[in-house]
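Quick setup: one chain, the form predicted on its own, written in structure tokens, and binding and motion questions come after.
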Amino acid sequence: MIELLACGPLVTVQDAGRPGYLSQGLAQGGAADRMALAEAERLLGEAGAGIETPGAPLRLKLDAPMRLALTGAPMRASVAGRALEWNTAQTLPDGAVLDLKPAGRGVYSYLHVQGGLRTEAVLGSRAAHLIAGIGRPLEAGDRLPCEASEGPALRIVPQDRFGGGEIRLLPTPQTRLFPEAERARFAATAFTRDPRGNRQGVRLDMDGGGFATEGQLSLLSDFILPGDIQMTGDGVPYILGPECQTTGGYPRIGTVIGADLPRALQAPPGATLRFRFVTAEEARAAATPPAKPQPLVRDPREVDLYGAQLIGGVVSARAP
């Protein structure tokens, strides 16, 4: 069991979400940063449902030895004043109190326990989907069921995706509704990630006027997917997230490829984003799994050499 001693706003349990319900009006939801989920899987073998925090601080206590993975946007993690390295899997002892505090890079951070949290499953997932009214934000005093576990300390080199940068797009069925000059201006524009954003969507700011199609008011509503870049009535773009609506009438100029969606959603407020259209072949080639984890070697200065047993036995050279 993991007990939350303190918890900031909008911290939720997330996993891979609920695919297959789009036609019934339910977006897949799940972890905003799927790469962080994949990295936790590589570190733990089985990550399942974990805790997602959008930069909100956390303090939690373990009631058994547990092997935890810390992935996604880096946070300052510590146990009893000892700093824990991010992007690692480590076993913490029974009774350990873990503190997580925002570090200013990225947005979404993740804590997984080996085997995953065993909270209630709804429609095949334990993920909270706040827009759909499934689950709720976590709060202090919550107790999250999970099993004791242990294993080797590992680290993984994450894909850098926490400071904005170039985002690759595929065309949507509505891309050609934007005049060629508007598409070229969109591709040449440097956007800034606005502070207004959540798991449903992220607003972008830019210099210059908004972007619009020809005959935009006559568009019929159709399907929407996470990663679509939707233009609102004033031409301001939004990148849609895992809890986006499933249909809508605003035009989408493009959709972020799967490999770049974690970078798009992890861009912190103020980060610069640029967009480039690519082919389907380039989008498929961009999909890469996380790197293979490596053993975590601790800094010798952090090791209590006086308290450690470094000799397993002695032998005599004169013994027959």
Partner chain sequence: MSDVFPRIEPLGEAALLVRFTDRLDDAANRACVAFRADLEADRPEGVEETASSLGSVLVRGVSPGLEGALQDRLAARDWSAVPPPPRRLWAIPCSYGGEDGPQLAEAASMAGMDPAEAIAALASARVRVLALGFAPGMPYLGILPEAWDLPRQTGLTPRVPEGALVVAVRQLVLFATSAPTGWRQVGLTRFGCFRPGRSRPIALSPGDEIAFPAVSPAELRERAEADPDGHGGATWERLE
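Nothing here was measured: the structure is a model prediction, and the numbers come from that model. Residue numbers count along the first chain shown, from 1.
A second form of this protein, the form predicted in complex with its partner chain, is not displayed here; the remarks below concern that form.
Using a 4.5 angstroms threshold between heavy atoms, Arg284 counts as touching its partner chain in the model of the complex. Taking the partner from elsewhere, Leu220 is found to have a heavy atom lying within 4.5 Å of its partner chain in the model of the complex. For the chain shown alone, Gly258 is a contact residue for its partner chain in the model of the complex, at least one non-hydrogen atom being within 4.5 angstroms.
Using a 4.5 Å cutoff between non-hydrogen atoms, Gly25 counts as a contact of its partner chain in the model of the complex.
Contact check at 4.5 Å (heavy atoms) against its partner chain in the model of the complex: none of Cys7, Leu10 and Gly45 pass. Listed stretches are 138 to 146, 173 to 181, 203 to 211, 71 to 79; the contact stretch with its partner chain in the model of the complex is 173 to 181, by a heavy atom cutoff of 4.5 Å. Site annotation in the model of the complex: the residue of Gly95, Gly133, Gly233, Pro195 reaching within 4.5 Å of its partner chain with a heavy atom is Gly133. Only one of Thr91, Thr189, Gln245, Gln159 comes within 4.5 Å of its partner chain in the model of the complex through a heavy atom, and that residue is Gln245.
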